[in-house]
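Okay, so here's just one chain, in structure tokens, the form predicted alone.
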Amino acid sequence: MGVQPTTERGRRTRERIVAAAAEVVAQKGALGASLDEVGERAAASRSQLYHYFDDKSDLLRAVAESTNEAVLGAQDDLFAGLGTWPGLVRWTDALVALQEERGGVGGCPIANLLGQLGERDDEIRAVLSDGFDRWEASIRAGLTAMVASGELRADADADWLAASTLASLQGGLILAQARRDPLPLRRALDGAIRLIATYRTTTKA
């Protein structure tokens, strides 16, 4: 692994390189991304690229880590509300609204990288898998909180429901991306909500 910066200037340079690489990957795909184009966009020399990253694979691992943080960080406020039924519904509505804004374009950035690199680089696959694990853990924490508060029945399996919900979300995102239509995501998340609703102890919204 390349050098981890110890100065603010170094951190900004490394972050700029990773951001540029993420842009190139989003536009041209991970395999089509070149270090020369990344360096040009980041206004960074080849020597700087190789100072912070051993090679292209090392840089793509940093992109994967950055992608996890971007996708999950954008949901932090929503995750904080998952411990209540209105918060759960708000989270699903926000995900659908984002796809409506984008017209179904883009899908899930974590899944997109996994599709391009998961079978080629096991370390990158593990990074992206950790992103999904954290996503699922946030859902599970919210459901567990609802069980603890009595909003969901004690026999609700938070592990199973969280895994099912994340799978529904990812499937819905893939179909929304393929069809350029957010409706499949809306239906997938509505199905997840209805499954969780079978464990509710009240029908109040």
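The first residue of the sequence shown is number 1, and the count goes up from there. All values derive from a computational prediction rather than experimental measurement.
This next part talks about the form predicted in complex with a further copy of the same chain, which is not shown.
- No residue of the trio Arg9, Ser34 and Ala43 has any heavy atom within 4.5 Å of a further copy of the same chain in the model of the complex.
- In short, of 157 to 165, 34 to 42, 50 to 58, 63 to 71 it is 157 to 165 that has heavy atoms within 4.5 Å of a further copy of the same chain in the model of the complex.
- The closest non-hydrogen atom of Phe79 lies beyond 4.5 Å of a further copy of the same chain in the model of the complex.
- Under a 4.5 angstroms non-hydrogen atom cutoff, a further copy of the same chain in the model of the complex has Ala26 among its neighbouring residues.
- Within 4.5 Å of any heavy atom of a further copy of the same chain in the model of the complex lies no heavy atom of Thr201.
- By the criterion of a heavy atom within 4.5 Å, Gly115 is counted among the residues contacting a further copy of the same chain in the model of the complex.
- Contacts with a further copy of the same chain in the model of the complex, taken as any heavy atom within 4.5 Å, map within 168 to 185 to Ser168, Gln170, Gly171, Gly172, Ile174, Leu175, Gln177, Ala178, Arg179, Arg180.
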